[in-house]
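Here we start with a single chain on its own, the form predicted alone, put down as structure tokens.
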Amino acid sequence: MKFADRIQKFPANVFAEMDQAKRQALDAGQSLIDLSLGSSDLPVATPILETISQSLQDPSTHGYLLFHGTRSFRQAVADWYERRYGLSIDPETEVLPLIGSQEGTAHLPLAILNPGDVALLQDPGYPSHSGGVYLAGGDIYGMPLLAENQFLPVLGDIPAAVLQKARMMVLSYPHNPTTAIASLSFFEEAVQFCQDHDLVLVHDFPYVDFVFSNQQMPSILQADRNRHCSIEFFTFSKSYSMGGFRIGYAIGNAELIASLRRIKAIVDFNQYQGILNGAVTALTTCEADIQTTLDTFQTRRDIFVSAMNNIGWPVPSPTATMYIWAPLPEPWQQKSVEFCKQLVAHTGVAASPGAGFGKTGEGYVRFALVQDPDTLAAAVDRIASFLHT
């Protein structure tokens, strides 16, 4: 049996290895505390569930859903951007429903890259960003994200030879896994850079609401108000705890939206109408629920960071996201995969190795704050016993 050459370009999946390590720990009798996945454990807000439930009783929602049937959702997205950012968006040409933002970041390179073209990606970064480039036959230039640069790429360091082949840049702030945030001025710099070098600018924006400083995160479209080169992706998985519902959208440059829509038409129709109805309810009525979610994760952050410092592992307190990006202590500093495998095997605590997010992620481990405070405290106790054995 023969398989396509493109599969061979996919890097080894560290997260698949960790999934196997978790299964082995369970089989060995460990009680698992899983802090490895950014899947919210909080319930979906009642108004959203009620809207979906009501839709289930309506047989007209049970069939295929084509683009024209998503109009109310696309209008709700456009209205949300106008309320939040003062941007006037055309719901017909500048908004596209997605099955989560990962669908967008994975499929968009098919519309932009020819084999051998280069995508500028953050290193470390979210794995689906590179996966989409490999699917399209593209090559990757990793832009290092370093603590001394506030985990922002230094655009001037990108070699001219790379820029000659580059066709797109992918950013994502607030950032997974480093928890960094970016300013509007940085986005303006990035937009100008992409215009100067004829690049598509992709911004993955799942953590727009996950900021603990009462600071509003900028949209890339604020820096590219005429949508010359930019497209942004949003998912309902984080702000609204709707990970399993697989709902998101793309918004931005009309030509990019149209190209992504053509690819989407080959792959799928759309989600169930009731899910889109629930997403409209989320965008229009659930601001208070978002604040409750944010308060919950801020409490978890404070408890976890304090406990880690108390056991002698100092970790930065993040200003955004649902993660802790922790520099590994000696003697594990360049052994993130081995550390995470040994940690889950000996204690049942599962975390994500920094190497799984890119070579610049080595030396770190990511903890997801997706457990209640008592469970997080118990996890730190187990980590302490592992470190001190």
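Nothing here was measured: the structure is a model prediction, and the numbers come from that model. Heads up: residue numbers just count along the shown sequence, starting at 1.
As for the form predicted together with a small molecule, it is not shown, yet the points below apply to it.
- Just one listed stretch, out of 229-237, 209-217, 190-198, 87-95, contacts the small molecule in the model of the complex at the 4.5 Å heavy atom level, and that stretch is 229-237.
- Not displayed here, the small molecule is kept clear of K165 by more than 4.5 Å at the level of heavy atoms in the model of the complex.
- For the chain shown alone, S172 is a contact residue for the small molecule in the model of the complex, at least one non-hydrogen atom being within 4.5 angstroms.
- Within 4.5 Å of any heavy atom of the small molecule in the model of the complex lies no heavy atom of R225.
- Within this chain, P318 is remote from the site of the small molecule in the model of the complex, having no heavy atom within 4.5 Å.
- Screening Q102, T293, Q273, T179 for any heavy atom within 4.5 Å of the small molecule in the model of the complex leaves a single hit, Q102.
- Proximity of Y126, D204 and Y323 to the small molecule in the model of the complex is complete: all three residues have a non-hydrogen atom within 4.5 angstroms.
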